[in-house]
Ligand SMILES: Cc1cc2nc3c(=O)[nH]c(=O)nc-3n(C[C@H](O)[C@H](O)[C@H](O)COP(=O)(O)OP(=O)(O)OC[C@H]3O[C@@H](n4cnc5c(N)ncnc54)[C@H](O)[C@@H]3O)c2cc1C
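One chain comes next, on its own, written out as structure tokens in the form predicted alone.
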């Protein structure tokens, strides 16, 4: 079972209504839909938008298979600012969409608890806290005794230091946000089709794209192409002989109940092993992990690794939280990160030569929480040719071309 992604009452079309659009967005999940919504609501934009989505059920999208959390505990100030914008966007969601039908949303602020089991890791937590405080986050550092006092269920015998922020940090309803962004975009004239881009045509000089070719046979002329294809982003870029360091990587999720539930909410706990576990419902918990081998996988591979839960994940969780020695798995699923192997950060903006081919890719696990800021930023580039609010240029393609990483240390 994966998180529900509600569908708009308006069905996908199989074929476009015309053969020419100002903007074609490849991929209609959270990034494509956020971009389309911000474009369609802007009074300075009066163009046409086509979204081509391969899987109209979104069953296997990263958006549907996310754990839907938000945090400000990043090592880069820009990533913190992005999450802060998302937090405000969530908390004012109905007002932002200007639609009384849209539900009011909030964030379940149980926070993220990062744990360091070496002095080097503790030093890193101290360093990134300085960045977080400078950006206005409320991160606090906790000694093992302080952790044990506030959260007595933890085993902290091997812990040097903890880091937690309980302001605008925790779980949010990403599925509802996605659904209403998409619904609202459709209401504003954005066209979604259930189809697949199988090729992209360059112009005669080779410095731009001019059309996309659909699996159904149509050739759609366009002014701009936006690559919002999630884990398949590299496949789309290769259609015009561009390489980007984005690959599909598996991430595993389990929801479980405990024979002895905790008496207070469990923060999203990042164990030093890399496994994370958090409160999910009143009596359930959610755990996540990468596999024994963390490397690129086929886009359609959602199989489980044998013995991963029994031999690795559950023992680590039970060691950190002894109350979880007796638990029952209620559901499980596999999702894909769109993993940027260069620096685990987003790639957003135009290609320096093929300037009407735009990237919004490579979010490496924090895409859902960054979608509002990234969709807004992409819309600004498309309308004004530059960022109007947050300067997202450090995520530009030039660093990919030059192999100069913009590293994010806090990756889960």
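These figures come from a predicted structure and were not determined experimentally. Residue numbers count along the first chain shown, from 1.
Not pictured, yet referred to below: the form predicted together with this ligand.
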query = Just one of 382 to 390, 361 to 369, 36 to 44, 348 to 356 has heavy atoms within 4.5 Å of this ligand in the predicted bound form; which?
reply = 361 to 369
ask   = Would residue 267 count as touching this ligand in the predicted bound form under a 4.5 Å heavy atom rule?
value = no
Partner proximity in the predicted bound form: residue 228 to this ligand, non-hydrogen atom cutoff 4.5 Å = yes
request  = Verify the contact flag for residue 195: yes if a non-hydrogen atom of it lies within 4.5 Å of a non-hydrogen atom of this ligand in the predicted bound form, no if not.
outcome  = yes
ask   = Is residue 52 close to this ligand in the predicted bound form, meaning a heavy atom pair under 4.5 Å apart or at it?
value = yes
Sequence-ordered residues of 321 to 359 touching this ligand in the predicted bound form, heavy atom within 4.5 Å = 335, 336, 337
